[in-house]
Structure formats: structure tokens, C-alpha cells
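Coming up is one lone chain in C-alpha cells, specifically the form predicted on its own.
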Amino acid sequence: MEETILIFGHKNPDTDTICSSIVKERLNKKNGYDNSKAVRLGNINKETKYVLNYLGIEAPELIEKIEEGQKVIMVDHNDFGQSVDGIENAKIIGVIDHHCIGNFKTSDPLYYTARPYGCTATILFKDFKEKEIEISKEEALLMASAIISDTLLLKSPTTTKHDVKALEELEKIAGINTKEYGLEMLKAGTDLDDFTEEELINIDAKKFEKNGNEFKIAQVNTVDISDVLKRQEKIEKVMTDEINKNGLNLFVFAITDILNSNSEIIALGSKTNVVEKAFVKKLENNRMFLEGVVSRKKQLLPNIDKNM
């Protein structure tokens, strides 16, 4: 029996990570790789649950570590710090990603697809088209959902013409109105009331390293920033605990308004001056309002990283 190829995205999975993992499994099987299996490295968020419930499909199996030599395909990430425990000793046979390349190294050659698109699913859409493989209605909705999520309904500065074209075609195949469906999907992900503060800062958090400094940027979407800020004191406490526990130099928590395309950030740690340099503003009460800032990948991370 041929060894299973595990397909997964990053820890604290978002909609692109889950949907792209599922779609890549299906694409592999259509190409004859029946031993492919999509899995996940964390809990499903409410936005992604909306998508899976809409389609009536189950979430991929949760895994916490992998054995040495396990064949894997990484989607929507390439940084080992954001991946599964044991990834350093896995046999990575492929990567499909739209992020900058971090601390990535393999001992064997591999298939590596990196394109500066707004979403991993857009890359997979191109793969379907180039291989002339038919896209099912379900696959179309999975990819459309991922694009809507990562580009905030094409309003994020990460959006490219490739994402726009892909979503137009996927909308027709899926038979949906992407604006109506997309807004409902995004709103489903903004219901934060039943999350603890610890869960809140880990819904969508990624860790980075620069010049010996460890920092984390977490992000939540909302339709009311002030509603989240009512919990600032408790949020800061769990952020501080995270800083002390993991030796972080900086923790940035971004609260993003998906309707008005703005963010308010809370920044803690010994390197908060980096945030002030990055956005040429002063933190007040550990907070900073960033007009027009919605993207961690294209707006928050690059500015913070170059000033670290």
C-alpha cells in the first residue's frame, strides 16, 4: 500500500488553509494520487465552519505531529515555525504558497509553487485551468470562499487581478452571488462573543523572527472594533502571558473592521517602538488606529519587519 501524502496549511488555520488543503487533495486524486489526504493543524474558525456547513462536508482530521520521513505537501505557508511539529524531519514533496519564503530548507528536490497572489486557492485555480481539469461546483465554492476570505471580498490590498479573474469564474461555476454569500461568510467569522481572551489572540496568529527578535502578529475580523476593545484589559493580560511564556519581544494584536477597512492594534513587549517607527504614530494606551490597514501580509508584517 502506497504511503499517504498529508496535505495541510499552517497552525491556527484560516479559510484559505482549510479550503486549499481540501481542494489540493481533490486535485491530486484527479491527477492519480489517490493516497493524498487533507488534514489540519488546529481548530476550525467560525468563518470556515460556515463554508463547510454550507457545503455539508466535514473538516479535515486534526493532527498535532508527524513522524520522520512522512510525505507532506504544505499549502498556504512555508515557515517551519508555523507548521506541524516534526516538519523538519518530514519528506516535503511540495509547497503551494503565496507568502514570502521564511526559514525553509529541504534535503531533497521538490515541487515548489510560489505566486504573489492574494490567496493560495487562486494558485490552485490556475493549476486546474492549466491542466484542463474540470472544477466541480463544490470545489469552486471552496476556492471562492478562500479568495473571499483572504482578500476580504477583493477589498484587501493583497488582491491581484488573478484573484479577481478567478473569483469571477468560480462564481459562475459555484452558482452563487459572491457579494451576498461572501458578506454572510465574513460576518459569520466576526462573532467573537463566546471566545475567551486566550482563544481570541490565537484565532489567527503567526510567529516571526528578525535579527534575533521573536514577534507575533495576531488578527481578528469584526464589524465593531469598539466591541472587542471593551475586553482590552483582559486581552492585554493574556498577551503578556504569551510574551513571557514564549520569550516574545513584540506581540501585535490587530482588530480589523471588515466593513470599513480599518484596524486598531494593541501592541505589547520590549519592541513596541518598532511599531511606532513602522507606522510613524505613537501608541496611546498601547493602542494605535490604522486607517486603511487590513492585511497582515502586505501592510502589518512588512512595515514591522523592516523596522525590527
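Values in this document were obtained by computation on a predicted structure and should not be read as measured data. All residue numbers are counted from 1 along the displayed sequence.
The same protein has a further form, the form predicted together with a further copy of the same chain, not shown here; the description that follows concerns it.
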| item | value |
| --- | --- |
| Non-hydrogen atom contact Thr106 with a further copy of the same chain in the predicted bound form at 4.5 angstroms | yes |
| Touches a further copy of the same chain in the predicted bound form: Tyr117 (any heavy atom, 4.5 Å) | yes |
| Interface membership of Tyr112, a further copy of the same chain in the predicted bound form, 4.5 Å heavy atom rule | yes |
| 4.5 angstroms heavy atom contact with a further copy of the same chain in the predicted bound form for Lys297 | yes |
| Segment that reaches a further copy of the same chain in the predicted bound form - one of 166-174, 228-236, 191-199, 93-101, heavy atoms within 4.5 Å | 93-101 |
| In the predicted bound form, the residue from His162, Lys71, Lys187, Lys207 that sits within 4.5 Å of a further copy of the same chain by heavy atoms | His162 |
| Residues within stretch 182-202 having a non-hydrogen atom within 4.5 Å of a further copy of the same chain in the predicted bound form | none |
